[in-house]
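Before any questions on how it binds or moves, here is one chain, the form predicted on its own, in structure tokens.
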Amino acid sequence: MTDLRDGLDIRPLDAGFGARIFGLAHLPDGRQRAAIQAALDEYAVVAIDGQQLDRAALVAFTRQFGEPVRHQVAEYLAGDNPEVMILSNNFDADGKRLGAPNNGIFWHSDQIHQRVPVNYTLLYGHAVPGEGGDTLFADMRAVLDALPAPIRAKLEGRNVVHSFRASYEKNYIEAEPLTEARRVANPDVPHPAFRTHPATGRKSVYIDPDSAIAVEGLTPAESDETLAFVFDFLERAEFVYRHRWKRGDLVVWDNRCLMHRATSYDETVERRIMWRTQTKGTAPF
């Protein structure tokens, strides 16, 4: 079914969440921005087709949906536009990586290990592999709706502790080693196991395998068992959308109600350059 809003062709996906958007040939005007925002509130992730953006334009687009914030792993930020993080398997003439390699392979919500995580992430396909390198999204609203009652009861009203260190050591194995100063600056943080979306009022499971290390109030054994169940449960096909990238895709998603992860590709054959931005968020509740 096509949803025409202010010159935009918004097509919901078969996954039960997510939408593709066609017809945007420039930065969105006020009415189009509102239409994209409404689609994000409803579908949680939108893939905007056929964009031709440089990094400055990506930052300008991001600003329409919130204040851009820099990623903490500074060595992969673009020098001309440091709000942009570069993800790439390419090297420069001196053998230095042009961007972060294929990280993000564990399910996660961006910056969930921060006291105030980000709201939206925008990822632009500047150069995409011909095969592989997909992004998977899990609808954590649907996961909560389907969660078995005994597991839901164990998590209801509890916080889950998230660790920056755990996430960093899984994802940035080629980055600078994590210093003691950075560990101190990024302490473990608790967030509600079930997060409420401030715009829609819907609740989602807000737990990820990337950084979640404990459920407060449960014994270590109960905590490990409960987290393992959730991590396995969210993999079910009915909760997941696989985005297969085309060059020029701009994908925007809401970290407050989705988890996502990268899939692998043959880095010896394929070329990949992705530009990533994120917007300032609010504390989960």
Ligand code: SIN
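These numbers come from a predicted model, not from an experiment. Residue indices: 1-based, along the sequence shown.
There is also a form predicted in complex with this ligand; it is not shown, and the following applies to it.
Margin query: Using a 4.5 Å heavy atom cut-off, which residue among Val118, Ala78, Leu87, Leu147 comes into contact with this ligand in the predicted bound form?
Written below: Checking each option against this ligand in the predicted bound form, the one that comes within 4.5 Å is Leu87.
Next item on the list: Go through Val128, Leu123, Val143, Val215 and name the one with a heavy atom inside 4.5 Å of this ligand in the predicted bound form.
Entry: Flagged contact: Leu123.
Next item on the list: Among 42 to 50, 57 to 65, 225 to 233, 254 to 262, mark the stretch whose residues have heavy atoms within 4.5 Å of this ligand in the predicted bound form.
Entry: Residues of 254 to 262 come within 4.5 Å of the partner.
Notebook entry, point to check: Closest heavy atom of Asn103 to this ligand in the predicted bound form, within 4.5 Å or not?
Noted result: The answer is yes: Asn103 has a heavy atom within 4.5 Å of this ligand.
Item checked: Contact test in the predicted bound form: His108 vs this ligand, heavy atoms, 4.5 Å -> Contact check for His108: yes, within 4.5 Å of this ligand in the predicted bound form.
Next item on the list: Give a yes or no for Thr135: in the predicted bound form, does one of its heavy atoms lie within 4.5 Å of a heavy atom belonging to this ligand?
Entry: Yes, Thr135 is a contact residue.
Item checked: Contacts with this ligand in the predicted bound form, stretch 268 to 285 (heavy atom within 4.5 Å) -> Contacting residues: Arg272, Arg276.
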